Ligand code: ADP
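Let's start with one chain on its own, the form predicted on its own, as structure tokens.
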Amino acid sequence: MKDNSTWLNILEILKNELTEAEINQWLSPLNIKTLNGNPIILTAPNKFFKTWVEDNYLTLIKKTFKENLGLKSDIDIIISIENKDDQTIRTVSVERNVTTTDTTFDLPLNKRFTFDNFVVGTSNRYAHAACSSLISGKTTANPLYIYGDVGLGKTHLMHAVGNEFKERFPKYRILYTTGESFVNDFVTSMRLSKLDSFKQRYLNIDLFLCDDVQFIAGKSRTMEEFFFTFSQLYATQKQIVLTSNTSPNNIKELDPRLSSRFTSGLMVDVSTPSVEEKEAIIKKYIEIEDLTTQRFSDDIIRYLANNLKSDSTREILGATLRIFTLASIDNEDITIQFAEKHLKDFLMKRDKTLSPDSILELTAKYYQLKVSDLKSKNRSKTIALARSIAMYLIREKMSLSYTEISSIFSRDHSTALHAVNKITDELLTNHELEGTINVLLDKMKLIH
């Protein structure tokens, strides 16, 4: 019996070790035939795939099963029964793709990533609205630039845009790639003297989707070519959607011309989900993957949302799939005790009490700063905002006087008063700030 959801989770984990092109080319066509037993059995579409994966990826696959699912079984790869009849044809086709001088690196859209199964919350509602408006024609933002930390849904939204465009406008020419694949494609095209075909492939499109565009930074020739591609597509009014792990101005070694172009359209960010959003994400995932929902009580879902230390949607779903898979193998019910036993590396350690210091640590971590930055005299925009938020939270949760709060930061008491009042006033109209405060408040609930 195939277990595609587990295999998809394994592929997500392998993205930390392999390029997306490798995964799509060689590992996505595989499936799990048998997970219970020794060996674990994977199916490949033909003999060529089987041999290639055994020679190049089998050791890494075994390691991933062991470290993430606790399965130490051997792994065998067999040829899928339904593909045996056309094995010769498929093998010849794959071999031709491997040895050809065609340098196409654009990647397929993931049909599973749609607007219907995207959970909208405070942390991502502006990004979702921007993508939806793009589809409906209510905005002409170009480029649309989505940024945020790893695993928060940027790629899901980008694929959803591509899939929706494909359904609504069948004649649209859509190209989805990643910054890394663009670099590889460009370098290979230069090596094979195929730059003309490279340019034609990237310019003869209607919708350009580039994920993790930050990977082109620091590579002068690639950035120059990307600037040319971007400029040509923009000049001919082709839609461009980009994602990155940070805003353009924070990408180190990015050509200033590209930074200027990226910020010329609509920039929207995705932030860490609240506990309530995490619950909704887990419930949606259980429903979509049909993970026998009766196994997951509301208490279990709430426990996962409150105790998983990662804010990454990808890792949250990976942990959910892990306990479902292990419970299925052991034929056990999913209880809080079972989750604690099998998710030790995924859960937060509750060894702190809420205090001004712990609030400072949480705030600094959220903004990827040091506590010393918050206490410093640095008045940069990010540090000043984080410092004001920390003062506001200490006032709200610890009920300290303004003088006591200011002393923590080695400042006059009026500084804390001003900061708390400023945050209080901005919360009335600034929804992004409201989302940030809510996330930090949720994290504080987990500190006893």
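If you're wondering where the values come from, they're calculated on a predicted model, not measured in any experiment. Note that residue numbering follows the sequence shown and begins at 1.
In what follows, reference is made to the form predicted in complex with ligand ADP, a form of this protein that is not presented.
K.L.:
May I ask you to choose, among 286, 119, 374, 343, the residue with a heavy atom within 4.5 Å of ligand ADP in the model of the complex?
P.N.:
In short, 119.
K.L.:
301, 323, 317, 240: which sits within 4.5 Å of ligand ADP in the model of the complex by any heavy atom?
P.N.:
When ligand ADP is considered in the model of the complex, the option within 4.5 Å is 317.
K.L.:
Using 4.5 Å between non-hydrogen atoms, is residue 75 touching ligand ADP in the model of the complex?
P.N.:
Output for residue 75 is no: heavy atoms all beyond 4.5 Å of ligand ADP.
K.L.:
Tell me, yes or no, whether residue 155 is in contact with ligand ADP in the model of the complex, where a contact means a heavy atom of each within 4.5 Å.
P.N.:
The answer is yes: residue 155 has a heavy atom within 4.5 Å of ligand ADP.
K.L.:
With heavy atoms only and a cut-off of 4.5 Å, decide whether residue 151 touches ligand ADP in the model of the complex.
P.N.:
Although ligand ADP is absent here, residue 151 would touch it in the model of the complex, with heavy atoms inside 4.5 Å.
K.L.:
Residue-level contact is defined here as any heavy atom of the residue lying within 4.5 Å of ligand ADP in the model of the complex; does residue 363 satisfy this criterion?
P.N.:
Output for residue 363 is no: heavy atoms all beyond 4.5 Å of ligand ADP.
K.L.:
Looking at 214-222, 201-209, 111-119, 324-332, which lies within 4.5 angstroms of ligand ADP in the model of the complex, counting heavy atoms?
P.N.:
It is 111-119 that comes within 4.5 Å of the partner.
K.L.:
Between the shown chain and the other structure, the Cα gap of residue 183 to residue 20 differs by 3 Å or more. Is it closer or farther in the model of the complex?
P.N.:
Compared with this form, residue 183 and residue 20 lie farther apart in the model of the complex.
K.L.:
With a C-alpha distance change of 3 Å or more, do residue 23 and residue 117 lie closer or farther in the model of the complex?
P.N.:
Relative to the displayed form, residue 23 and residue 117 draw closer in the model of the complex - a change of at least 3 Å between their C-alphas.
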